[in-house]
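Below you will find one chain, with nothing else, as C-alpha cells; this is the form predicted on its own, and questions on how it binds or moves follow later.
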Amino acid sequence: MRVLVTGGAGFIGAHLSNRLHEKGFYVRVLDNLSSGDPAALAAGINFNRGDVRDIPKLWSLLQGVDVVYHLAALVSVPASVLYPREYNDVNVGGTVALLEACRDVGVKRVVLTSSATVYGDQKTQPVREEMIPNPAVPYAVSKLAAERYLFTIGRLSGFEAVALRIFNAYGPGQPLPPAHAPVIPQFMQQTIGRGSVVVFGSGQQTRDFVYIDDVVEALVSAATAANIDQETINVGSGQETALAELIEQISATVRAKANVIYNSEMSGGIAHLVADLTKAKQMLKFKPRTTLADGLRKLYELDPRFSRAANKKGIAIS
C-alpha cells in the first residue's frame, strides 16, 4: 500500500511514517519543516519539502497513493488565540486544498488527525464522539472545520474519510519550543533542571495523556479498517490524570522534586477531558498498551534531551 503523510516530519507524523515504513508500506512525506525534522525519518521514506496548500505539488505526490494521512497543521492552542487568521488559513485552507487534490487524483481514503480540543467543556466525562462539540479556542474551531470539510468533500467526491480525535499525545522527540511548549516535556525538563514548574489554575484540571506508540497503532489501523467511512473516533488512553498528579509521577520518574508554582490568576483551560474509547476498540481494535508511568519512563530513557540533562545533574537513570 502507498501512503502520503502530510506533516510527516513532525512529532506524530515521523513516528507514524517510520511505523508504516517498518510494516512495508511505501511512504511519501510532505512537510514544510516549520516544526518538523526530516532527520527523524527512516531511510527509504520519500521526503518532500513543501506546503500542503500547494495543489500542483499535491497532484504530483498523490499519484498512485491509496491512503492519505493528513497531519499538517499549526497546533499551539495559545498561539491560535493570537493568530486565528493564520490558523484558519493553514488548518482549514490547507485541509480543503488537500481534499481537492485527493478528489482530483482519485485517492481511496483520507485519515485526518483531529483534536480532542473540539469537545471543549462538557457536562459529563468521558467524552463520546456523539457529543456536540464546544470548541473554546480558534485551534479547536479550525480542527472541527477540517473535520466537516473532510466528511463533506469525501461524501461528494467518493473517497472514504475518517477523523481520529487525538487526545494529549506525548513521547520521545516531541518538540519543546521556547513558548507554548507541550505540558509533559516542559514539566519534565523543568523538573530535571531544577527550574520552576508553572501550573495555570489549581492543578486539578484533568487530561487524557496517551503515549505516541499507542496513537500510531490507532492511525495505522485506520488505513485498512473496514466500515469506518464518515466516522469520528477518539484516540486516547481512557485514563484521567490531574496535572498535580502528573507532576508527582514525573518527579518519581526522574527522581527529583518539582518546584511547583500555581498561578491561579491564569485559566487552566478545560476543566476535565478524558476519552471514551468504545468506538476505537470496536472499529480499530484499539487497545492502549502504555500506562502513564511506563510512558514517562520511556520518554525519560529514550529521549536524549532528558537522559543527557539527567546525567549532567547526577540523576540516576535505571
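These numbers were taken from a predicted model, which means no experiment stands behind them. Counting begins at 1, following the sequence as shown.
Not on display, but discussed next: the form predicted together with a small molecule.
Contact check for Y119: every heavy atom lies farther than 4.5 Å from the small molecule in the model of the complex. A42 falls outside the set of residues with a heavy atom inside 4.5 Å of the small molecule in the model of the complex.
Within this chain, L299 is remote from the site of the small molecule in the model of the complex, having no heavy atom within 4.5 Å.
Although the partner is absent from this view, F11 contacts the small molecule in the model of the complex, with a non-hydrogen atom inside 4.5 angstroms. In terms of contact with the small molecule in the model of the complex, the residue from T278, N259, N46, S35 that brings a heavy atom within 4.5 Å is S35. In terms of contact with the small molecule in the model of the complex, the residue from V220, I166, I184, V199 that brings a heavy atom within 4.5 Å is I166.
Screening 50-58, 263-271, 281-289, 250-258 for residues having heavy atoms within 4.5 Å of the small molecule in the model of the complex returns a single hit, 50-58.
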